[in-house]
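Coming up is one lone chain in structure tokens, specifically the form predicted alone.
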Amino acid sequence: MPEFHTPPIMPMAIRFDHEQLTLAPAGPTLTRRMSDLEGLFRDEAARAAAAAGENPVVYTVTSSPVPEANRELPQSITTIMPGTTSGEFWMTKGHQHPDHQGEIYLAITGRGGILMFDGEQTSWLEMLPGTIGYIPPGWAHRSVNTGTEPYAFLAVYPGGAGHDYDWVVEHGMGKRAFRGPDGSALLRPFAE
């Protein structure tokens, strides 16, 4: 499996394959299955049943070789499969940056959204191909596929910011994204 480069990083060109949703040269690829998302869906019993059965891939993260290190700007492509669990859209785990720094996402294919929470207020950005979503410092964020095909986006973030997934499990995201009657995203209170 490809790995991250070791600093200092030399200047490089990174090729993006729009059809394959890959980066070259490639860094590591992370695959998250339903079994990796314990405690994130409102209906934990339905999630656990899916994990014990087919255990589908919910999303993948394909990275460039730029490392998650201070002063570096790693890039990755996240692809979330379409689907719902008891009506709740499939999503990434979501995280908070322990070193509060901003991040940008560029939607590539499909339809999705960024659910953000600062501990008090929730924000939702609809993401369609060509949309750049800005995530300010201090906001936990999770991406959601609200469409019927894979939703992919490019992320560029400060390498030293870190990823705290436990913050989201402990605090939630303020709201959850469910399929509305017309198929679009319907945000409901997190505890509902």
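On a predicted model such as this, the values are computed, not experimentally measured, just so you know. In this text, residue numbers run from 1 along the sequence as written.
Unshown form predicted in complex with a further copy of the same chain; subsequent notes refer to it.
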Please tell me which of Ala49, Ala26, Leu125, Val57 lies within 4.5 Å of a further copy of the same chain in the predicted bound form, judged by heavy atoms. Leu125
Choose one stretch from 63-71, 145-153, 28-36, 163-171: the one whose residues place a heavy atom within 4.5 angstroms of a further copy of the same chain in the predicted bound form. 63-71
Please run the contact check for Pro11 against a further copy of the same chain in the predicted bound form: heavy atoms, 4.5 angstroms, yes or no? yes
Answer with yes or no whether Gln101 is in contact with a further copy of the same chain in the predicted bound form, where contact means some heavy atom within 4.5 Å. yes
Test of understanding: in the predicted bound form, would Phe16 fall inside 4.5 Å of a further copy of the same chain by heavy atoms? yes
How about Gly130: is it within 4.5 Å of a further copy of the same chain in the predicted bound form, going by heavy atoms? yes
